[in-house]
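Single chain ahead, written as C-alpha cells, the form predicted alone.
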C-alpha cells in the first residue's frame, strides 16, 4: 500500500508539485485511533512545495491519489495529516496472500549473511539460575528471529570451565566433602544429586569457609596479633582501621568491607585455590583429572536443564581451549605494540585515547583473565566459520564495559570483523527479596523454577476442568507447554534492555499479556475450526470493522519480524501477538462465526480465524513457545 502510493507520487510529482520530488519527503505513520482511516500520509513536507495551506495540500494530494489508486475508498485531512480509508477488497486480497503462505512473515531461508548468536555461557562451578533463563530464552529467540529474517544462524555458547572460581569448587570438594562408608567423597551417583548442583554446593561451601577464615584473621588483627603477616599488610590494616574514627556508619561499613577484602587475600584457602589454578594451567595430572571429572558432572546437569528449557546449540566452545589461543594473541599483540608489560610481568592495554582506561589481559603469574579467553574465542569462531558476518553476544548489562574493551582490542589487533560484533545487553532479573548471589546460595535455581511454574500450570488447568478426555501423557505435555510457555513469554515480553521484576504467579495467568492467554486463544481457534470442518473458499464479501482491524494487523507481521531482527527484541514479537489476540477475541465475541447463515461470510470468518491461528503459531515459535491444539 505505502509502496504503491510512493510510486504514484514520485511518477507524477512534476504534474502534482511542479518538479521531481525525493522519496524521503513521503512519510507515513499509523492513523490515530480517534481519526477515521487505515493509513496516514504526513502533508507538512508538501505544503511549501504547493504553496497552499495544509488542508488544501491534503485535499489536492488525496484527490489525485484516489483517482489513480482503486484501493483508496475515501480520505480526510486533519491538521496536516492525510488519512486514507482502504476498501474491503484490498484487505481480502491481502488475506488471500497470507493464506497462501504457510511461512507468512518469514524471509527466504538462508538468503542473508551468517550470524553467530552466543547465549547461556555458564560457569561450571554452579547450576543455571533465573538469570540464565532470561539469557537463554532471549538468545534462543533472537537466533530464531534472525533465521526468520533470512539469516543463516549459528547458535553457540562459551562454557567457562576454567579459572579461579572453578578451582574454588574443586578445592572445596577435595577438602570438605564427607566420606561415606565406602570411603568415597560425594558424587552425583552416590548422592542422587544433579552434577551441576553438587558442584555448586561446594562453591557455596568454599565461600562459607573462606569468609570464616577471613573473619578469624580480622579477629587476630583487631586483637593486636600480626605474627606471620607482611609489614605492608599490617600497615594497610592499621591505616584502614584508624580511618574509621569519626566516620558515619555508612562510611565505616565501606572501610570494613575493604578490611575484609584485605583479610581474604591473606587466607590459606585462597592461596591454595590460586596454586591449583597454576597447576591446572601447567596440566598437573591430579588437578586435571579432578577438573575433568567434576566438569563432566556439570555438563550432564546442564544438558538436562537445557532440554527442559527447550533451547539448543549448534557449536560449543570451551574457555579451557580458547584461553590458550588468547595468550598467543596477547604475545603477538605485545610484539605489535598493542599491549604493554608492567614491571611485575602482567600485560595490559592502554585505552585512554578511546575514553577508557588500562585493562589487564594477562596476570603477572602468566595466567589468563576473562578478556584473554574472549579474544581467543572470537578469533577462533571466525576461523571456524569463514562466512561469518558478525557475532551477537547475549550477556547482561553488567558486562557493558567488558564488551566495549573486547571489541576495541579485536579492532586494534587488526580484525576488521570486530565492527560487526554486537553486545546484546539486557537488564537483570530482580526478585522481591533482592539481587541473587551465587556465592551465598541465594539464587533461584532454574530447574526448581521451571518445575514450580509447570506445577502451578497443572493446578490452574485442573481447576478449570477443560482436560477431560486427555490421556495422562497428554495432560502432562499440556501442563509443561502452558507452564514453560508462560515463563518464556513473561521473560521475553519486556524490552531486553529493561531491568525486570520476576513474578512466577503472573506468568501463568490466563488473562492479560501472558503466554497462557495467547495459547488459549490459539486452542480456541483450533477448536472452532475442528467444529467447522470444511472452511469453504474466500470470496469478495463485505467486511466489518472488527474483521478489517484483524486483517490490517496480520499484514504488519512481516514488518514486525523485520523490526524485531534489527532491534534484537523478542518483545516486539510478543506484544504484536498480544495485540492480535486481543483483536481476535473482540471479533470472536462481537461477530457470529459458526452460526452465520451467509456461507460466503462464514467462510471468510473461518479463513480469517485460521490465519490468525497460523500467525500466532509462527510468532510464538520465534519466542520458543509452543501453542496447543486443545487447552
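The term rigid core refers to the maximal set of C-alpha atoms that superpose within 1.5 Å between the two forms. Not measured: the values here are computed from a predicted model. Positions refer to the first chain, counted from 1.
Not on display, but discussed next: the form predicted together with the RNA.
With a 4.5 Å cutoff on heavy atoms, residue 49 does not count as touching the RNA in the model of the complex; it lies far away. Residue 227 falls outside the set of residues with a heavy atom inside 4.5 Å of the RNA in the model of the complex. When contacts are judged by a 4.5 Å heavy atom cut-off, residue 1 does not count as touching the RNA in the model of the complex.
The closest non-hydrogen atom of residue 40 lies within 4.5 Å of the RNA in the model of the complex. Per the 4.5 Å heavy atom criterion, the RNA in the model of the complex is contacted by stretch 456-464, the sole one of 456-464, 147-155, 406-414, 172-180. With the partner omitted here, the residue from 53, 63, 27, 70 that has a non-hydrogen atom within 4.5 angstroms of the RNA in the model of the complex is 27. Interface residue among 267, 420, 346, 191 relative to the RNA in the model of the complex, by the heavy atom within 4.5 Å criterion: 346. Residues of 34-50 lying near the RNA in the model of the complex, listed in sequence order, are 34, 35, 40, 42, 44, 45, 48, the criterion being any heavy atom within 4.5 Å. The rigid-core alignment places the CA of residue 454 less than 2 Å apart between the shown form and the other one. The Cα shift for residue 359 between the shown form and the other one, taken after rigid core superposition, is 2 angstroms or larger.
Superposition of the core reveals a Cα shift of 2 Å or more for residue 368 between the shown form and the other one.
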